[in-house]
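Here you get one chain, nothing else, as C-alpha cells; it is the form predicted alone.
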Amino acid sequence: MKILINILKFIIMLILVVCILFFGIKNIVLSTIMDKDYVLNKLEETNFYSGTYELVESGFENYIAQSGLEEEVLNNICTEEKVKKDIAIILNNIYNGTNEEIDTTEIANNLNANIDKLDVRTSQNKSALDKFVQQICTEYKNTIINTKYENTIHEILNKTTNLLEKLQTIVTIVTIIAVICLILLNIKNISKLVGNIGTVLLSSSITILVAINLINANINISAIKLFNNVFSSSIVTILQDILSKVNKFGIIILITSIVVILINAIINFVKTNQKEEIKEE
C-alpha cells in the first residue's frame, strides 16, 4: 500500500512540475514575442528603424549604376519616419489583423520629381525610367521585410493565443486537483507535504536551468541570421531576452524551493526535539 501511495505521489508531483513549467513559459511567451508593445520596445532598443533606413538607402544605390542616372536622384526620396511608419503598419497587420498595404506613392513621387529636375526624361527612356522607379519601390518594400504572409502570421498568433488560453484553463484545473490530492495523501504529515512541495519546486527549477544551459551550449543565438543584419540583431536580442527571462524564472523557483526545503527542515528539527523532550520526561 505504501509503495502505491509513493508511486501516486510521484505521478502527482511530476504533473505539478509540468504545470509549473507551463504557467511560467506561457506567461513569458505572452508578455514577449506575442506582445506587440514588447516588440516595438525591442525595435527601438536595437535601433532597428535607423538601421533599416540605412539598408533602404544602400539598396537604392545598387540600382543607380544600371539606371545611368546621377546619385543625387535618390536624395530625400525616403525618410526614417516613413520607414518607422511602414514597419508599424506591418506589425499592425501581424498583431492586429489589419490588412493595410505599404504605400510607396510618396517615394515614387519624390523620385520622379528628382528625375524631372535632372531633365533627362525623354519619350525613348520613359519606359526605362518608369521601370527604375518601380524597382526602387519594390526594393523598399523588400528591405523593410514587407511580405504577403503577415495575415497568415496573425492567424497563427491568434490560434496560439487561443490554444494557450484553453490549455491554461485545463492546466489550472489539473493543478488544483493535483494539489488537493497531494494534500490528502499527506493529510497526517504536514512535514511531508511541505517536503513534497519543495521537491516539486526544486525539480521545476532544475529542469528550466538545465534546459537553458543546454540551449546556450548547443545553439549560438548570437549567430542567427534572418533576412538582413539589422533584422537579425533585433531577433537575437529578443531571443536572448526571452531566454534570460526563463532563466530568471528558474532561479526564482530555485530560491523558493530552497526556502520551502529549509522550512521543512526546521519543522522536522522542531518535531525531533519535541520527541526527545517527551522521551526525557
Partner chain sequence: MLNKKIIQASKATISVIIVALLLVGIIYLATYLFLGQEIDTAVLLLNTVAVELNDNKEEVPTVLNEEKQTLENYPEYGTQYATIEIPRIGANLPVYFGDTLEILKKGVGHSSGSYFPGEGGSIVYMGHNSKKVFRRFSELQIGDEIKVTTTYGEFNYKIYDMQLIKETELEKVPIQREEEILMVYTCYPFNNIGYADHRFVVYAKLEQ
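Residue numbers count along the first chain shown, from 1. Since the structure is predicted, the reported quantities are computational estimates derived from the model, not experimental observations.
Keep in mind the form predicted together with the partner chain is missing from the figure; the text below concerns it.
Does the partner chain, in the predicted complex, lie within 4.5 angstroms of each residue among K131, I224 and A265, using heavy atoms as the measure? Each of the three qualifies.
Is there a heavy atom of V210 lying 4.5 Å or less from a heavy atom of the partner chain in the predicted complex? Taking the distances in the predicted complex, the answer for V210 is yes, it comes within 4.5 Å of the partner chain.
So, in the predicted complex, is T46 in contact with the partner chain at a 4.5 angstroms heavy atom limit? Although the partner chain is absent here, T46 would stay clear of it in the predicted complex, with no heavy atoms inside 4.5 Å.
Taking the shortest heavy atom distance, is E61 within 4.5 Å of the partner chain in the predicted complex? Judged by the heavy-atom cut-off of 4.5 Å, E61 is in contact with the partner chain in the predicted complex.
Can you work out whether I253 and the partner chain are in contact in the predicted complex, taking contact to mean some heavy atom pair no more than 4.5 Å apart? The answer is no: I253 has no heavy atom within 4.5 Å of the partner chain.
Partner-proximal stretch of 102-110, 198-206, 74-82, 145-153 relative to the partner chain in the predicted complex, 4.5 angstroms, heavy atom: Within 4.5 Å of the partner lies stretch 198-206.
Selected contact from V120, L185, I89, L164, since only one has a non-hydrogen atom within 4.5 angstroms of the partner chain in the predicted complex: Checking each option against the partner chain in the predicted complex, the one that comes within 4.5 Å is V120.
Hey, which residues along 137-160 are within 4.5 angstroms of the partner chain in the predicted complex, non-hydrogen atoms only? None of them.
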